[in-house]
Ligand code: F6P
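One chain comes next, on its own, written as structure tokens: the form predicted alone.
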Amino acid sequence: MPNKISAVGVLTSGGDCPGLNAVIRAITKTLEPEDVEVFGFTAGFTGLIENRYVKLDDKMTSGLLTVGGTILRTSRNKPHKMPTADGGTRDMTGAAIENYHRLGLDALICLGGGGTQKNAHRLMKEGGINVITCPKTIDNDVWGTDVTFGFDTGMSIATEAIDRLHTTASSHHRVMVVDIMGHNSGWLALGAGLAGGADVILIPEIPYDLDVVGRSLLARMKRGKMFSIVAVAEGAHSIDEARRIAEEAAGEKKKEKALKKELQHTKEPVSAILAEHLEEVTGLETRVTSLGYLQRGGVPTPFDRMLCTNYGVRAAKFALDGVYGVMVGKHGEDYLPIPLDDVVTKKRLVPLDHPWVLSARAVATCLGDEIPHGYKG
């Protein structure tokens, strides 16, 4: 039998995301009846470092299931790279660990995406503290789980936007290019594009050819389809860009850093470049719509509410059972403890043979690398 625990810390880190409050609620409601105090640190790891927290209880978390954002607020600050007044950074890992022990915490539950998983893992390794994480991001790119919370909501919002753009595109015979979040993974653009019936979907995992995209739209026009929707993931890049990045980078780590740096410079004009090229090729007015932070806001979908409740309950149960150093991962209908040692070394990208990719190709969606089979000939 695990030792009886008495106090657990909770924090939300990284970008805001629908469902964070629902997880906080589930953790608190599961632990309070077990006489476990729940400390909610404000502004992510900053609150832990500066010893700023609120005591969470049933009254405070009541009604949070449907509330967007996070009552604890969030930040992207990292314990080992805390910003300083002079514009530099300082390692404050020691302060975070000290406050963990000062409050008598038995475990720290961190809700966040890939960066949060790594920061929690670093605290665990350097401070020897008990850590549990839950995978949060609309990007759906955290390894070790079938789905991250917030993804379904983000995909639903992006799909609704594509639905609305269809009416404008068809009424004016336009090409509508839609910017969709996702960082360096294509789950969000692929899911929303497929659900919204986008004619072209461009994702980071499949470098695109501008000429192929243009020819695909021309093929649609020849069949009397005088408008098109192009869904573009923020990390999408052309075949030429991918080749140049690969040639300039040596080793996997440098390659990843080079890709991130390159995408920071290219992700903004990608849609503009596409729009200009496609308007020239098709002769149709082409407009760009960037959904931006709309995708991360609002209330979570029913699916995410249930998912978040399950994540929160399981994280609390792991704490009660003394299961630490893990992320709660959804696998089928089960919620399993996934070692953080594994989670932080991998990223969940879209496999080229994923059913969504295969379905998109089957229904004549252009993925930027080849003319859809239905448009050939």
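Everything numeric in this text was worked out from a predicted model, so none of it was measured. The first residue of the shown sequence is 1; numbering continues from there.
Not pictured, yet referred to below: the form predicted in complex with ligand F6P.
K.L.:
If you check in the model of the complex, is His237 within 4.5 Å of ligand F6P, heavy atoms only?
P.N.:
No, His237 sits far enough from ligand F6P in the model of the complex that none of its heavy atoms falls within 4.5 Å.
K.L.:
Is there a heavy atom of His183 lying 4.5 Å or less from a heavy atom of ligand F6P in the model of the complex?
P.N.:
Yes, contact at 4.5 Å.
K.L.:
Would Arg76 count as a contact of ligand F6P in the model of the complex, using a 4.5 angstroms cut-off between non-hydrogen atoms?
P.N.:
Heavy-atom contact with ligand F6P at 4.5 Å: present for Arg76.
K.L.:
Could you tell me if Asp139 has a non-hydrogen atom within 4.5 Å of ligand F6P in the model of the complex?
P.N.:
Yes, contact at 4.5 Å.
K.L.:
In the model of the complex, which of 221-229, 290-298, 154-162, 206-214 comes within 4.5 Å of ligand F6P (heavy atoms)?
P.N.:
Going through the listed ranges, the match is 290-298.
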